[in-house]
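Shown below, as structure tokens, is a lone chain in the form predicted on its own; questions about how it binds or moves come after it.
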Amino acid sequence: MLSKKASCESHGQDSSYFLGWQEYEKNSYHEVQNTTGIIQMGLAENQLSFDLLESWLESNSDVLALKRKGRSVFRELALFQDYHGFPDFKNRLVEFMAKLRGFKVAFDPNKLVLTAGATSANEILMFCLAEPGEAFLLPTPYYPGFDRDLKWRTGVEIVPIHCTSANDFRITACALENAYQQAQKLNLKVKGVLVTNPSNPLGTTMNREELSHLIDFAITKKIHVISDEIYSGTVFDSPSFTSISEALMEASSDDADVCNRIHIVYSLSKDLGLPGFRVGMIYSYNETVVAAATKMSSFGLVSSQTQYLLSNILSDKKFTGKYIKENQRRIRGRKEMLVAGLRGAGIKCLKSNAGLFCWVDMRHLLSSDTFEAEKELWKRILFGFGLNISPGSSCHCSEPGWFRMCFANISQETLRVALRRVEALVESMDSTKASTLRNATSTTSGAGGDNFNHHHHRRTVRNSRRSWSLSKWVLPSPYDDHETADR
């Protein structure tokens, strides 16, 4: 007999977000060994600036050798460390966070809790702020993994704040109130709102009006706000990033307790491209939350050697300053390459200024304005054209036809191949539509027309299916000559 938790199906693995990953793992693209495999564009990973970190490590070999001023610190690091974390590492982290925010706000290392990645940080906050069966409001579209991270073990419910393309998916006071009222109808007690800023999957930063709505809403309803800011260092274009900590300083309120209900999640997975190091953190203005979260963090600590290595990297202010600037430049260049290629294929993207992905509008490629049509298009893209991208439905988008495409986890050449596949997809869709139109027109023909239409339709279907694996995937494309360079 297993526990209910072990045997239940509430993990979220049945989402198309995870199913696409599974298909990719069965048939992964390789530029030499498997050129017809699936290209992974569903992974928001930053691989654009590894060379900068590798160069620093080569110049600071003592750190990798676990030495300090020529003397080994192996034994010191090998011994047990308590869950509070190294003071020096926490000091470097808050300095780095302040730098990313233009030093407009300062952070206290005593209010910071180290966790094994942002996933752990978000779950710990759920345990601290809500009981099973209580709810958090999340603006849509949101990161598909939240269905797992926030709900699976905690029992917390998610109620969507429905945002639409009419205003570029911005959060409004009306949308917040509608979500709150929906939770009331479902007899769910709302404990807070969780936002990602910059947004995953939109790639946009929240403006001051949105942040003001959010803080006012928290004050009015006396609820918590969690701001997941793990992409704050990826902002490559205006408007600049405004942290909720900065907005809180500017807010004029009679509610002195609102600070105790504001919490920030951050990690080094996106900005430094180190998801494998599992370094996340909670920053809270609430002493009780900090104390409880610190105790819970003992179930997922950051290793001593990881803290030592990253403390040394972050202490090099000259390096981190250059890294941030160059990394943002490379992200911008790669994003522009993707947007230009999609535009050439007749596909538009939401205007973005941050993140490692684009929110892509493929509504015109749907056979109908339904999520079933979106699912069919997603399957065609995945199985027919070898691209794993995340459909909007997996992000709980209220409008079918939007997709998230990641661009920083693959090489320039692989992105070129992906764009050729997108081009072939659009051409096949156009061809299919033209054939359907011809079939519809021919139904008005004379005797024997039905027999002709039947055989013509069969040929059209066969040709359409065959086009899914055309060599257009690897034919030259005008986007190959795009001059944007990552480095």
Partner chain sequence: MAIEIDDHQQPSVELSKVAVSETHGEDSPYFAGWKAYDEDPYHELNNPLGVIQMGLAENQVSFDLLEEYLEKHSEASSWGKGASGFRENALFQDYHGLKSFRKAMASFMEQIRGGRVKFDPERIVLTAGATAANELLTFILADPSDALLVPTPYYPGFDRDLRWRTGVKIVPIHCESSNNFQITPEALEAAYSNAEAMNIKVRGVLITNPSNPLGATIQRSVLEEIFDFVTRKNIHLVSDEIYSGSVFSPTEFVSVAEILEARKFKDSERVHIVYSLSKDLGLPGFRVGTIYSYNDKVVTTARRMSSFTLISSQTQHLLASMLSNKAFTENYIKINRERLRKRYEMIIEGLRSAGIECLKGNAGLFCWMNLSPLLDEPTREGELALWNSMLHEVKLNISPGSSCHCSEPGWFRVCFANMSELTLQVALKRIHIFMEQLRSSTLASNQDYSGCRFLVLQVARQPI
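Positions refer to the first chain, counted from 1. Being a predicted model, the structure only gives us computed values, none of them experimental.
In what follows, reference is made to the form predicted in complex with the partner chain, a form of this protein that is not presented.
Participant: Determine which one of 162-170, 201-209, 347-355, 281-289 lies within 4.5 Å of the partner chain in the model of the complex, judging by heavy atom distances; exactly one does.
Facilitator: Stretch 281-289 is the one.
Participant: Could you tell me which one of 91, 140, 312, 305 places a heavy atom within 4.5 Å of the partner chain in the model of the complex?
Facilitator: When the partner chain is considered in the model of the complex, the option within 4.5 Å is 305.
Participant: Sort through 325, 317, 364, 189 and report the residue having a heavy atom within 4.5 Å of the partner chain in the model of the complex.
Facilitator: Looking at 325, 317, 364, 189 one by one, just 189 meets the 4.5 Å heavy-atom criterion.
Participant: Please state whether every one of the three residues 119, 261 and 274 places a non-hydrogen atom within 4.5 angstroms of the partner chain in the model of the complex.
Facilitator: Yes: 119, 261 and 274 each sit within 4.5 Å of the partner chain in the model of the complex.
Participant: Mark residue 128 yes when one of its heavy atoms lies within 4.5 Å of a heavy atom of the partner chain in the model of the complex, and no otherwise.
Facilitator: Residue 128: yes, in contact with the partner chain in the model of the complex.
Participant: Classify residue 414 as contacting or not contacting the partner chain in the model of the complex by the rule of any non-hydrogen atom within 4.5 angstroms, answering yes or no.
Facilitator: Looking in the model of the complex, residue contacts with the partner chain do not include residue 414, since no heavy atom lies within 4.5 Å.
Participant: Even though the partner isn't displayed, in the model of the complex is residue 57 close enough to the partner chain, meaning a heavy atom within 4.5 Å?
Facilitator: Taking the distances in the model of the complex, the answer for residue 57 is yes, it comes within 4.5 Å of the partner chain.
Participant: Even though the partner chain is not shown here, does residue 153 get within 4.5 Å of it in the model of the complex, heavy atoms only?
Facilitator: The answer is yes: residue 153 has a heavy atom within 4.5 Å of the partner chain.
Participant: With the partner chain taken in the model of the complex, which residues across 67-95 come within 4.5 angstroms through any non-hydrogen atom?
Facilitator: Contacts from 67-95: 67, 72, 74, 75, 77, 78, 79, 80, 81, 83.
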